[in-house]
Structures are given as C-alpha cells and as structure tokens.
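What follows is a single chain, given as structure tokens, in the form predicted on its own.
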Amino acid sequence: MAVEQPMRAPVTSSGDQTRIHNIGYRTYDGPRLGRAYARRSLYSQSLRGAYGLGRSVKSKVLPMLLFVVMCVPAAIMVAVAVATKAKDLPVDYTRYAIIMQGVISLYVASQAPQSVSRDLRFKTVPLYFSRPIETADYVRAKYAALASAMFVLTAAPLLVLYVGSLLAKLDFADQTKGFAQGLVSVALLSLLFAGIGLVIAAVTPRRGFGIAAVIAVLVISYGAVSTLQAIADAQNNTSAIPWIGLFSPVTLIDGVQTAFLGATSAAPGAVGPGTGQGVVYVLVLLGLIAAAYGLLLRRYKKVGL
C-alpha cells in the first residue's frame, strides 16, 4: 500500500547574503556607581529643571524672570546707597525676603509641581524605583533640589546688597554680620517653603491644580494671619500678636529671625516674639520641615508600589 509523502516547501539559498550571528548575552562588567550616584544625578537634574536648564526656552522664562525680579530691587538700593553716600542700606538683610515674599511664593508655586507632578502624571515614579534608588533617595533629592533652588533665588539679592555695601564703604563688620544673619534666615525659609510646596504638589498629578493650591496656602494663610494681627494691634492686645504669627509660613520665619537673628518684626507695631516665644517658633518651624519630609516619604511609598 503506497503512502503519500507530505509535500515539502522548496529550500532557497541566498548564498553569501545569509548570515547568522551568535553574539550571545554578555554581562555588564563596567563600574557600578550605586545609589549615591543616582541620588546626586536626580538632585542635579531637578535643580537644573527648577530654572529651566536643559529644557525648552519656554520653561526658562518664568524662573529666570522671577530671579531677575528678586535681584533688581537690591541692585537699585545699592545704586542709591552708593550715589547718595548713605550710611546704611535702606533695607535690612533679614527683611528683604519678607518684602519679596510674593515673588518667592510664586516661584515655589510654579516649580514645586514641575519637580514632582510630571513624574506622577506620566507614572514614571516606579521606573525610578526599579533602579538602585529608593523612596528616601527620591524624596531627599527632590527636596534638596527645590530647597537649593529657592536658596539661590533668595540669597542672590542678599549677595548683591552685600557687595554693594562694600562698594559704598559701609562698615564691614556690621554688613558681614547682617549678611550672615540674612543667609541663615533665607536658608530656613527655603527649607520650609520647599517642603510645603512639594507636599501640596505631590498630592495631585495635575500641575495647574498644584500651582493654585500652593499659592492658596501661602497667600491665604499670610493674609489671614496679618489681618488677625492687625485686629489684635487695634484692640491693644499686643500679647496675642506673636502667637498668631505661628500660623503662617512667612510670619513664622519673621518670628524666628526677630527672636534670634536681630531682625525687626514685620508684624503690626513691630511686635515680635521674645526669646521664650522664639523657642516655640523654632520648634514649630523644625516640626513643619520634619513633617513635610515624613509626608513625602509616606506619599511616595504608596506611589512606588
């Protein structure tokens, strides 16, 4: 009985054009830089992004414009002091950031969402954690980057004032002391504002909502506290003014520098906290910074799952 054989497809040969390359899989034997390098890279990238560096021209406009707005008044004050041969600067170093708080609030409101909201919106956070970097590394890098960017924003005009005071031949010791006190003040302000901004921005992946929320928290809290302090001053209840100042980031920084950095209070009637109340201010300030860091850790532990 004959068995029918199955038909076979014809085999075609392409001659020398056919190549099979078996290169196999090779393990990576280069340097492994580890978590520290990844953390530094994320910090550097985030810090550059806070001023639009490495991004489109459109992304550079607002942060650079705010930086210029922060520095121009200081330059004008220096020019006036030099031209008039003034005996002192028109504004104390510790007072400058309080005066320019609107610009500072706008900066943190615009850059905090830019730092974290995009990662949340495009769900790239788990990709970070697939590398050696961990949740704490991500939070530290982002927090340090925004705080550093804000320190640059707030310390630059103080440097302009300091250099101008030396050009105007003002007292070197007094100006150096005031400049150092101003740097301490803006360093604390940068840590506090960066923490508040990042916590609020990390709640929503929508950048617009984050910007509005940060502005609302900073502006409304300051407006409410200032109003209550003005009412207390009008009713001659000056003892309540320092305690009311605990409930706004701006007045909190003002109270700390009034108590320990030799600043004049910006509160109504220039009523600031004494040393005892100043300790409470410092504890609240440090507590808010620690709470912001803790809330960010908790938030990103959930996001990274």
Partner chain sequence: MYDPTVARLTYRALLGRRRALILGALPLLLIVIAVVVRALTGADDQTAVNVLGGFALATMVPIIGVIAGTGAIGPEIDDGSVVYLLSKPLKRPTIIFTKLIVAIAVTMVFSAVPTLVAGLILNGNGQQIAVAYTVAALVASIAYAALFLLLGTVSRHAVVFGLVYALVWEALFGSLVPGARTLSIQQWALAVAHKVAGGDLVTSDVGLPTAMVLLVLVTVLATWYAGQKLRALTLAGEE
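Numbering follows the first chain given and starts at 1. Everything numeric here is computed off the predicted structure, so don't read it as measured data.
What comes next is about the form predicted in complex with the partner chain, which does not appear here.
- For the partner chain in the model of the complex, the listed stretch (147-155, 209-217, 189-197, 86-94) containing residues with heavy atoms inside 4.5 Å is 209-217.
- Residue in contact with the partner chain in the model of the complex (any heavy atom within 4.5 Å), chosen from Q181, Q175, S110, T135: S110.
- Only one of the listed residues (I76, A224, L159, L166) places a non-hydrogen atom within 4.5 angstroms of the partner chain in the model of the complex, and that residue is A224.
- The three residues A38, L53 and R140 each lack any heavy atom within 4.5 Å of the partner chain in the model of the complex.
- When contacts are judged by a 4.5 Å heavy atom cut-off, V279 does not count as touching the partner chain in the model of the complex.
- A residue is said to contact a partner when one of its heavy atoms sits within 4.5 Å of a partner heavy atom; V271 fails this definition for the partner chain in the model of the complex, lying far away.
- Proximity of I231 to the partner chain in the model of the complex: non-hydrogen atoms within 4.5 Å are present.
- T124 falls outside the set of residues with a heavy atom inside 4.5 Å of the partner chain in the model of the complex.
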